[in-house]
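Presented below, as structure tokens, is a lone chain in the form predicted alone.
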Amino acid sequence: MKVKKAIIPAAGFGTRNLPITKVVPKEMFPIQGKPAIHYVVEEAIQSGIEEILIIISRSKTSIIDYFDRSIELENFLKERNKSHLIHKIMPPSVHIQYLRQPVANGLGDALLLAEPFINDEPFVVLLPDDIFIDKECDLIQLIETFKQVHSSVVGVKYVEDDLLKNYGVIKENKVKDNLYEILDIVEKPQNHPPSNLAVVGRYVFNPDIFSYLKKVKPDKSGEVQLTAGLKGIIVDKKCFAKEVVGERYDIGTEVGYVKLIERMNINDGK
């Protein structure tokens, strides 16, 4: 079955980027004149996605405004002989819907809200904290792997030892180059991580992920963790990880955001 739907969870408070995220969602951080989430939507379109659901909170209506048409601005540009700029403000060529997550109860909870949108179809999840720069779209590679293995596929990348405590880390059995069967997954291991392969915010799921998420009990923070749902899949059936090759930048950290800006400026100067 064709993978044509995507979920972009964008309802978090962005606590790693405070105080600016009190008023500016991290998904709207500018990168060469476009907000970060625009690059994520473009990645989805490049991968053949036809419908996108962006999950927001009530403080993030700027995301809706950004992807809407502004007739007033279009008319203003026409009147001022600046029609050549109109293409810059036109919405992407994909159907976008929005859904509010009333309470920040975790990524797993956000995905459960999206179940009616998915309508028992395979789908991708793109976390907007993670921006990828690569010549060949890694999400396309994940989707192609999904079609081959007929099981959920998680994007992973090699991470240095001292940073593994910030990620979900897999225990793996290598199937072939860059493809692994996931034997276990540990969320933010503080000691003895099972490998150096960390989950990096790109997933392709069968719709049965929802049945596993419904069984997950909230953690001590009251959040439903996606990692716990993945553990359930691993117990019952196979789940795979594909090691992605593109340059990845975590804009949820100041260091990651600055490095991305520097990298984009280098590309622009070539």
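Throughout, we count residues from 1 along the sequence that is shown. Everything numeric in this text was worked out from a predicted model, so none of it was measured.
Only in words, not in the display: the form predicted in complex with a small molecule, which the text now covers.
Chemist: Please identify, from 97-105, 71-79, 111-119, 164-172, the stretch that has a heavy atom within 4.5 Å of the small molecule in the predicted bound form.
Modeler: Selected range: 164-172.
Chemist: Is it the case in the predicted bound form that E144, V153 and K237 each bring at least one heavy atom within 4.5 Å of the small molecule?
Modeler: Judged in the predicted bound form, none of E144, V153 and K237 sits within 4.5 Å of the small molecule.
Chemist: I'd like to check something about Y203: if you look in the predicted bound form, is any of its heavy atoms closer than or equal to 4.5 Å to a heavy atom of the small molecule?
Modeler: Close contact exists here: in the predicted bound form, Y203 approaches the small molecule to within 4.5 Å, heavy atoms only.
Chemist: Is it the case that L127, even though its partner is missing from this view, gets within 4.5 Å of the small molecule in the predicted bound form, heavy atoms only?
Modeler: Looking in the predicted bound form, residue contacts with the small molecule include L127, since a heavy atom lies within 4.5 Å.
Chemist: Taking the small molecule as it sits in the predicted bound form, is S57 near enough to touch it, meaning that at least one heavy atom pair lies within 4.5 angstroms?
Modeler: Residue-level check for S57: no, no contact with the small molecule.
Chemist: Quick one: does K259 come within 4.5 Å of the small molecule in the predicted bound form, counting heavy atoms only?
Modeler: So K259 does not count as contacting the small molecule.
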